[in-house]
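Listed next as structure tokens is one chain, alone, in the form predicted alone.
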Amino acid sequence: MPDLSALADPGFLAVQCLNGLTQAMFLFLIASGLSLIFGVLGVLNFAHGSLYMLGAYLSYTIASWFVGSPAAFWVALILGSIGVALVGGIIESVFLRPVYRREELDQLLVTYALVLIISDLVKLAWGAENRSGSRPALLAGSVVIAGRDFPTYNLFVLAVGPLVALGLWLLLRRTQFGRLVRAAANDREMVGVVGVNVTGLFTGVFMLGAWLGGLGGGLAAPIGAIFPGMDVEIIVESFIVVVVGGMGSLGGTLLGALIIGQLNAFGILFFPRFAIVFVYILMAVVLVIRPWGLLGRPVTRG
């Protein structure tokens, strides 16, 4: 039987809701990169979770170089995510560019091979044991919300998610780069015909998506274990977010992340043994009723 006693505690419910929102912001950061890459390049990047894992490890290592410095976390977050973006550029140029015109199955197999390669490289570089990062001193404490303690770091994550969403929206809607990206998403051949460097555009989009994954990993490093295999856990939920929200839709990705975050937060509270099932049921229902997602559009490519 579900434990309904928690419903009588508004403070607990408020904090649980904030926990769900925090998870939603992590999912949004990672899934938005996944959705962006699919929306423009048309590639289902199974290796996106590996970029998230790489972001966590790089941030952890860079932070260890500046132990004792108040700027260690921030330097690690910036340099770690940029490092992942550079790795993403190499992946796109070397492994994905040659298979853009092949069958989708070939692309899936290439990204799956990248998952295995990156996993082995991570084990080789950092070993198989769990590691954990440190929160910056500025965000190490907690605040009282509705009579309950809530980590200050989680509030920071809650602020980062909407800021990144706003930044992406401005980038895609208010810049020349964004207009080219949206045009390429609708008809990549036409964009190439009018003289746009589609190859460079695709590399830039993939690097942006990889940066988002690396940023998510860097932010997650101080609040959870860093271990080989963390990529598999996150990529499953990220795919569900993108499927529910709509492939290639930034707003849909944010909506999907908010729904999944709250489902996880309250599902595990009332139905701890079956919480994960609700997420899969939701995805199945969306696929049956609206296969292009809640805010997505049917895929038509030129």
Partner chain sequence: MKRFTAVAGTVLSCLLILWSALPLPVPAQQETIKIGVIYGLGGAAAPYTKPAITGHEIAVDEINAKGGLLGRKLQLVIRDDQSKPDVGVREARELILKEKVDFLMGVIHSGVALGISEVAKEYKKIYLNTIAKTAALTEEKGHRYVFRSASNTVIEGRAAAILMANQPFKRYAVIGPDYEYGHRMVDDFISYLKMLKPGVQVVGEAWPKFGERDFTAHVNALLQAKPEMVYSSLWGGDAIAFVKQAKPYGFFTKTEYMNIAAADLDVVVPLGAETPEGIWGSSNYAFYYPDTPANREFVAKYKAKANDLPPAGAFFGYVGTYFLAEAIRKAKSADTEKVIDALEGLTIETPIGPLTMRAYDHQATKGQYWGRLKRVPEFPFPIMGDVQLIGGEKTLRPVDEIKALRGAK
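Just so it is clear, the structure is predicted and the values come from calculations on it, not from any experiment. Numbering follows the first chain given and starts at 1.
Here the subject shifts to the form predicted together with its partner chain, a form of this protein not shown in this document.
- Taken together, Leu27, Glu103 and Ala128 are fully in contact with its partner chain in the predicted complex: each brings a heavy atom within 4.5 Å.
- For Asn154, a non-hydrogen atom is located within 4.5 Å of its partner chain in the predicted complex, even though that partner is not displayed.
- In the predicted complex, its partner chain sits beyond 4.5 Å of every heavy atom of Ala146.
- Not displayed here, its partner chain is approached by Arg135 to within 4.5 Å at the level of heavy atoms in the predicted complex.
- Taking the partner from the other structure, its partner chain in the predicted complex has a heavy atom within 4.5 Å of a heavy atom of Lys123.
- A heavy atom within 4.5 Å of its partner chain in the predicted complex is found for one listed residue only; from Gly178, Gly141, Gly192, Pro162, this is Gly141.
- Contact with its partner chain in the predicted complex, judged by any heavy atom within 4.5 Å, is made by just one of Met247, Leu255, Leu269, Leu44: Leu269.
- Picking from 225-233, 193-201, 165-173, 73-81 the stretch near its partner chain in the predicted complex, with a 4.5 Å limit on heavy atoms, gives 225-233.
- Contacts between 174-196 and its partner chain, taken as any heavy atom within 4.5 Å in the predicted complex, involve no residue at all.
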